[in-house]
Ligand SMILES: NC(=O)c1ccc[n+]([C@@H]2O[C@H](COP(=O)([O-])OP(=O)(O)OC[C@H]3O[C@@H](n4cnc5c(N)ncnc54)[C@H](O)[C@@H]3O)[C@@H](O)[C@H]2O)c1
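Take a look at this single chain in structure tokens; it is the form predicted alone.
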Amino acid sequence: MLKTINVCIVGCGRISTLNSLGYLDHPDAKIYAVCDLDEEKAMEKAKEWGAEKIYSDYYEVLNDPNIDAVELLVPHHLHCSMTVKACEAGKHVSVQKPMALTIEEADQMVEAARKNKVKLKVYENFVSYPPYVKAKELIDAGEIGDPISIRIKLNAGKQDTGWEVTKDTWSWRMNEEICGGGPLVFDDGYHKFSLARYLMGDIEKVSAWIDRTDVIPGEFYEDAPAMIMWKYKNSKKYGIMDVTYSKDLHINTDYYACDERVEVTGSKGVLWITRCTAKMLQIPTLIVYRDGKTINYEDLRDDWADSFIDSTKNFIEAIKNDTEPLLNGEEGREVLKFALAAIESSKRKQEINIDQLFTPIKN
């Protein structure tokens, strides 16, 4: 009989509300423990999720032999050290995006998972969002012919609906030594960099212009407006991401005030995907145009929470069946290279060849 996979959720911030969903009522896994420096917050979440154990010390989590895996929901600068220590303790790891601050850190994480024979998943839920999964299925099946270009619109706005986002939720993201980059291009943008690779393949070159807009001078800023362009490897395929912060824009959302719109153009058709984090456009989530006709996909699960549920289920399946999770350490490293290359391009004011900037991963 299959042993239930005992998971400890480490970090009880805002996003844990969604990261917990895939474990609740899962037949093969459960939230066995909760860890947070704020013990009161950990107790509250443990009660909500039905967890048996509460920890405020991460090392006690790693010393608990009943814990099989950790879900790391911590600031970015902690990803590497906490992942490596979990791997060394024999725990499987699901770590939030962005994977790490540097490629060197990512290499340490990949090597620790390999050496200790545990699973490492970068928790990037966009590639598990059902409309994006369906779009990839259609692209791979040739429904729009050969893909030629992709356009991704990241539109942040006024957080006057959806989640209440407190100051402590965002303050550490303003410190690049902790966050690794800006809150839109590097932090939230990791979702979109991952999606660009997921839908159309590996990236060769990047050019970027990343500006800065103060929200509260001296306290909060957005790394926008920004334009990021890229070329796919060994092809005439190209992509562009438009990152915009509209300070007075009301965004219809149940979560963060950020909306995504994606368009993929092929040799004989076009597809559009809307919604995900928000739902500005009240149209079918996935639309395909081909042969003079429009096909609407209106029966897809398209709540942002669905992407979290499916991403978590993928992690559980990887552990249960000893398979590679979607966006494993090596794949997460490739997305990180893409994101860092965009930032470097903007700093240098020149095109960046990704493989020339970063050395290949060691086997």
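Here the structure is a predicted model, which means the values were calculated and not measured. Residue positions are given as counts along the sequence shown, with the first one as 1.
What follows is about the form predicted in complex with the named molecule, which we do not show.
S.K.: Check residue 168 for me: does it contact the named molecule in the predicted complex (non-hydrogen atoms, 4.5 angstroms)?
M.R.: Yes, residue 168 sits close enough to the named molecule in the predicted complex that at least one of its heavy atoms falls within 4.5 Å.
S.K.: Would you classify residue 297 as touching the named molecule in the predicted complex, given a 4.5 Å non-hydrogen atom cut-off?
M.R.: No, no contact at 4.5 Å.
S.K.: Does any heavy atom of residue 76 come within 4.5 Å of a heavy atom of the named molecule in the predicted complex?
M.R.: Result yes; residue 76 sits at the interface with the named molecule in the predicted complex.
S.K.: State yes or no: in the predicted complex, is some non-hydrogen atom of residue 134 no more than 4.5 angstroms from a non-hydrogen atom of the named molecule?
M.R.: Contact with the named molecule, no.
S.K.: Could you work out which of 209, 220, 172, 238 is the residue within 4.5 angstroms of the named molecule in the predicted complex, going by heavy atoms?
M.R.: Comparing distances to the named molecule in the predicted complex, the residue within 4.5 Å is 172.
S.K.: From the list 118, 199, 270, 82, which entry has a heavy atom within 4.5 Å of the named molecule in the predicted complex?
M.R.: Here the answer is residue option 82.
S.K.: Could you tell me which of 29-37, 318-326, 332-340, 62-70 sits within 4.5 Å of the named molecule in the predicted complex, going by non-hydrogen atoms?
M.R.: Selected stretch: 29-37.
S.K.: If we check the named molecule in the predicted complex, which of the residues in 82-100 reach within 4.5 angstroms of it by a non-hydrogen atom?
M.R.: Those in contact are 82, 96, 97, 98.
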